[in-house]
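First come two forms of one protein chain, each written alone as structure tokens, so that there is a structure 1 and a structure 2.
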Structure 1
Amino acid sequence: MKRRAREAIAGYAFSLPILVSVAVFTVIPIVQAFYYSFTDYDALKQQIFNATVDKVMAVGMYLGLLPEEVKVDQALKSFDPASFVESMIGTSISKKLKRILRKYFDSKKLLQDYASGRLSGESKIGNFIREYLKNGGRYFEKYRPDIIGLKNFKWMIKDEYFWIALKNSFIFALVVTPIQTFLALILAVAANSRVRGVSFFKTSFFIPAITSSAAISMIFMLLYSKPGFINRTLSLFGIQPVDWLNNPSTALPAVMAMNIWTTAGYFMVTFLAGLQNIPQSIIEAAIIDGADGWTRFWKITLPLLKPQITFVVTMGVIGTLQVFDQIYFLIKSQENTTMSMYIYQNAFRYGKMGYASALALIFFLIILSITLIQRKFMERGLEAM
């Protein structure tokens, strides 16, 4: 018993680093993104109550009067604590916070302190507000985004580019996954045969998978350019040059072709491992029974590769739906944007972190359900084979 406990502790201790990192970098962000998708979260506002202000300066800037010029009773009439706080923070605050300020902020005391010179020093904005707040101070401890319910999701329905991005992601997955799986399978079968120089081919098929996406994107940018290699080859057949990446109708197919090229080699390795697991005895038995190569492939190789096919198709669909880097490097028009790119743009370029979280949530649900359906479907389909 004691030994088992010790073993368990050791086990957990060994897996602790990965557990912690998964929790910190995956689980917590997912939970937060879920929460943010119902808010108007804005990353830049995160520190609004943590910024430091010089108290005298803050009041002076708002009033436009020096302490000795202030007549408290008169100044009090036009003093609005909500707009004072907004001017100090430098951005707008929610209606709820404004209401609390107007109700509980001790403007008189602040003006008296300012006029009498009792106000001094620097302070965090949040602490400064709470000093003069009779009630509701907890709302000024840290930034809390407004809960806006389903607004982000409603906006999505009206957002033209959400649909375009979703459509592009689906087209990408539907075109790339079957081709890359098929190609990977062919490459694997070829690489598994006993031909001279097979390891050279294996290596060259696999190289695209380990090359950095940025480097590959740069190479393809040159290949696809108007006076590039591809257009020059096509011109031999009298085809007019096409500006593949700058033309919105050809840009996405061009990136798809490149994606297939980079991923096929990677999945080939998976198939290769599967192929090498097929016992030679079964194949020999089939040969004795008189099965030709084609029949052996259909009746033995393919069914025995079932787990690998399931894996490759599942990973392929997830990978293609999430494609980001190649889109980021090569796609220029909004028309060709995909979901992950659109999420990124909203989060970091358009300042709409809340909306981006909502997009991510919906996209996650879509990928999840597709994967589940696919598993059901694939298992049945392959059993029938």
Structure 2
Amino acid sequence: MKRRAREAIAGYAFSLPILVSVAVFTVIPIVQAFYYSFTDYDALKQQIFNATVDKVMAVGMYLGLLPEEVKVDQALKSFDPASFVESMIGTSISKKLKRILRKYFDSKKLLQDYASGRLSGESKIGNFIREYLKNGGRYFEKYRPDIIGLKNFKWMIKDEYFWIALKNSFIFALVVTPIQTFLALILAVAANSRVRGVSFFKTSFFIPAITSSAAISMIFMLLYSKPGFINRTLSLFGIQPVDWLNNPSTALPAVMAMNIWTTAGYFMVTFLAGLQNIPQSIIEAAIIDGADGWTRFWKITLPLLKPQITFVVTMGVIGTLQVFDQIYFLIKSQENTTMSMYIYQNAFRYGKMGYASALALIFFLIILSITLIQRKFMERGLEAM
């Protein structure tokens, strides 16, 4: 038992760094995204209570009066603490925080301190507010998003750009996945043949899979530009230059073509591993029985590649639905954006982290459902072959 315990402790000790990494970088973000999808979390407001403010200037600018000109009882009638805090911060605050301020903020004490000259110096906005709050100060220690229930999901139904991005993601997956799978299979069959230069052939098609996506995107940006190689080649045949990436009708197909070229080599290796695991005796027996090349491929090779086909199609669907980096570098039109890009825009460009989390949650459920359904149909189709 002691030996088993030592082995167990050693095993957990070796796996602990991976388990911690998965928890920190995968599990915790997923849980946070799920929580934020039901809130109005705005990333741009994260530091609103940490900014520094000159207290005398803030009150003076709000009242429009010098300290010696203030009559506390008269100024108190028009002083709104929620409006004061919003003007001091420079952004709107939630209804909940406004209610707390109007109920618990000691406006009279603040005006008395201003008029008597006791209000001086600079401080953080959060500390300044809590100094005059009778209750609820914890809500001004740091930014806390309000829970808004299903509002993000209801807004999603009305958001036309959500439907545009979702449609583009589906089109991308439906076009790219079959083509890259078929091309990868053809390349694998060719690479598995015993011809001269096959090693160079394998390397040439696999290089794009290990090259930086940013570097490839920059290269294709030059190729697709108006004075680029593609338009120069087309001009030899009298075809006018096409603005491939700025034209909404050609931008997405252009990125699809690049994606197919970069991923086919990666999946080629997967199919190549499967082809090399097929026993040569089965192929030789089929040849002796008189089966031609097409029959051997359709009746023997393809069914034996069932695990690889399922893997490639599954990963292809997930990868194409989640495509982001190439869209980020090459696509400028909102008409051609995909779901991953739209989630990024809402989170980091518009600051709507709550809405972006809701988009990510729905997109996760869509990908999960499609993957499970696709795997089920794939297995049935391959069993019927």
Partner chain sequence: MRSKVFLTVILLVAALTFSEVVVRLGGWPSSPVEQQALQAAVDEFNKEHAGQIKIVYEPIPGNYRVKLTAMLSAGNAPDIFYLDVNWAEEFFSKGVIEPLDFYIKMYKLDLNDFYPNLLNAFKYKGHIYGLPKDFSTLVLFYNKKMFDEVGLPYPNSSWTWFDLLYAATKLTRDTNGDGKPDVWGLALYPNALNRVIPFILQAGGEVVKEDLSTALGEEEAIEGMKFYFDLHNRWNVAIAPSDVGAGWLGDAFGKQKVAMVMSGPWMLGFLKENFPEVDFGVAELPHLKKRATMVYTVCYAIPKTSKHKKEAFIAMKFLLGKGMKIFTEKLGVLPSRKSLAEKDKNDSIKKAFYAGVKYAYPWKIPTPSGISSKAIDEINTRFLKVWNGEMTLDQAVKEIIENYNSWVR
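Treat the numbers as computed from the prediction; the structure is a model and nothing was measured. Residues are numbered by position in structure 1's sequence, first residue being 1. The term rigid core refers to the most C-alpha atoms you can superpose between the two forms while keeping them within 1.5 Å.
Note to self: Given these two structures of one chain, say which is the form predicted in complex with the partner chain.
What the structure shows: Between the two, the form predicted in complex with the partner chain is shown as structure 1, not structure 2.
Notebook entry, point to check: If you fit the C-alpha atoms of each rigid part, what angle in whole degrees does the small part swing through between the two structures?
Noted result: Comparing the two forms, the minor rigid body swings through 13 degrees.
Check: Where the core is superposed, what shift in Å does the CA of residue 143 undergo between the two structures?
Finding: Residue shift at the C-alpha: 3.4 Å.
Item checked: Rigid-core-fitted C-alpha displacement of residue 111 between the two structures (angstrom) -> C-alpha displacement of residue 111 between the two structures: 7.2 Å.
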